[in-house]
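The chain that follows stands alone, in the form predicted alone, written as structure tokens.
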């Protein structure tokens, strides 16, 4: 059962300082995560999802940089922490699962040694029960204990991803951020792993931020979904509400890009155009040039603010401004 607020991100701005330009990959992002909540963040490639994930846990490395904002986790401001204090918090209080497990796992270390190494590095715990803990963790993610002595190349893609998830669970964190952890897997394995992750969340009570470009993965399992576009959150609502009534034209386009499981077949359409260049200043709505519902004279001039248009449902779109509604009518 969800209780209080675990994570609060306020006006986070982050990106990459290159010689030729500064890329503003995360623009003024604010949201909250409750204890035990499953928050899905969806959007097409290049919208800033991964930069947001790395920024929250301060894993952005040069040229990546956090420009401004506040990240409060369990009452502590992560952006003001000393590096050593932050290192102690990672994996113990929160962890992150990266998208390419084959790049995360050390190819010359056995599975059990990788799990044990993560535990000892973050806790300095060297007791004799760590192998039992590694066995227990593999059991949680449905991997046989016989693979404790296997090397990564001896595992399938799905098993490698499960090992990474087991490692993220090793110290019983309160929050796990999952950055497209199932991208390289086929759709059947993707859904199975996602269901297993959700089962573990309900069993142990940790919170999840699950980042993906595949909105269809999130609809059934997430409590809440946030849609990102051009570095900003453009819509956020309870999963069912977002599915039943998407308000932002971009969300609607994403919803229409995957086929329904029941009913008549229909022709699917992508969203025309391309996302904007994130190294350039934006004077209006970043979705303006691709939007079929744009309001001329408004959308190209003013950046819409994220506002609550119905209880628990926020959207950044001029269609829901007073001026926009009257023009649209």
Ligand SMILES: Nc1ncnc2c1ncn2[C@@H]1O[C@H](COP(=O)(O)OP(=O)(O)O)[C@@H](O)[C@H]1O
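Computed from a prediction, not measured in an experiment: that's the story for all the values here. Numbering follows the first chain given and starts at 1.
Below: the form predicted in complex with the named molecule, not depicted.
- In the predicted bound form, none of the heavy atoms of residue 28 sits within 4.5 Å of a heavy atom of the named molecule.
- In the predicted bound form, the named molecule sits within 4.5 Å of a heavy atom belonging to residue 63.
- Mapping the unseen interface onto this chain, residue 46 counts among the residues with a heavy atom inside 4.5 Å of the named molecule in the predicted bound form.
- The named molecule in the predicted bound form is not approached by residue 306, whose heavy atoms all lie more than 4.5 angstroms from it.
- Residues from 11 to 38 that approach the named molecule in the predicted bound form with a non-hydrogen atom closer than or equal to 4.5 Å are 16, 18, 23, 25, in the order they occur in the chain.
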